[in-house]
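Here's a solo chain for you in structure tokens, the form predicted on its own.
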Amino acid sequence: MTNVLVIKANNRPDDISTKMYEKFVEEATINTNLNVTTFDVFEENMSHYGQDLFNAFGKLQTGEELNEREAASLAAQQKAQKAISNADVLVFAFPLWKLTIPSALQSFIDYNLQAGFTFKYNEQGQKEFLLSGKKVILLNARGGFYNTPEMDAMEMSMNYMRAVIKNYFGFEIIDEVIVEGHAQDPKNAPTIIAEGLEKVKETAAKL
């Protein structure tokens, strides 16, 4: 049994990356060899990574009692890390918002991207990955066209996810589906979206 964790990073019900998420889950759950679960980063309502979590770490070392915000931040991190630890395949379904990823997805990444959990530095100062062997699928939607050198430099959702997954998580990206241009080219939007969802279906069927 392969554990597939689908990270849903869009709370807009009719948005394209939400439809990509739904299509992937619909197809993947047909396969009885897959155990498919969802981690909805918006439903989890994770606070932003910051001082509350650092305070919690410090108090754990000294045995002090955590306040409500610190306890919530620590619990959010532990839940996010457990979700990734238990997964064999991680599927990120997310949009390009304001040239980057949604802040709720950023919080999920930040809670997991931690020295001692996903990576460490050895005595020679070299990076070693601690959760290697996991596979990743990226499902991304963006309303404009970013497949040119000029626009690609402005795109900080897929570029960021590729960089952080490869260089700090040490996971292998086995597939990507990008649906783009449906807002910029409304005349062809139905075709663009339909073709993209078909690719999502094919990607899920490969697992």
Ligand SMILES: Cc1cc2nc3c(=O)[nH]c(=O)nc-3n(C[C@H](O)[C@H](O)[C@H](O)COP(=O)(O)O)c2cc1C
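Since this is a predicted model, take the numbers as computed values, not measurements. All residue numbers refer to positions in the sequence shown, first residue = 1.
Keep in mind that the form predicted in complex with this ligand is missing from the display, and what follows is about it.
- Although the partner is absent here, residue 96 is a contact residue: one of its heavy atoms lies within 4.5 angstroms of this ligand in the predicted complex.
- In the predicted complex, this ligand sits within 4.5 Å of a heavy atom belonging to residue 144.
- Within 4.5 Å of any heavy atom of this ligand in the predicted complex lies no heavy atom of residue 187.
- Residue 15 belongs to the set of residues with a heavy atom inside 4.5 Å of this ligand in the predicted complex.
- Contact with this ligand, judged by heavy atoms within 4.5 Å in the predicted complex, is confined among 52 to 60, 161 to 169, 134 to 142, 31 to 39 to 134 to 142.
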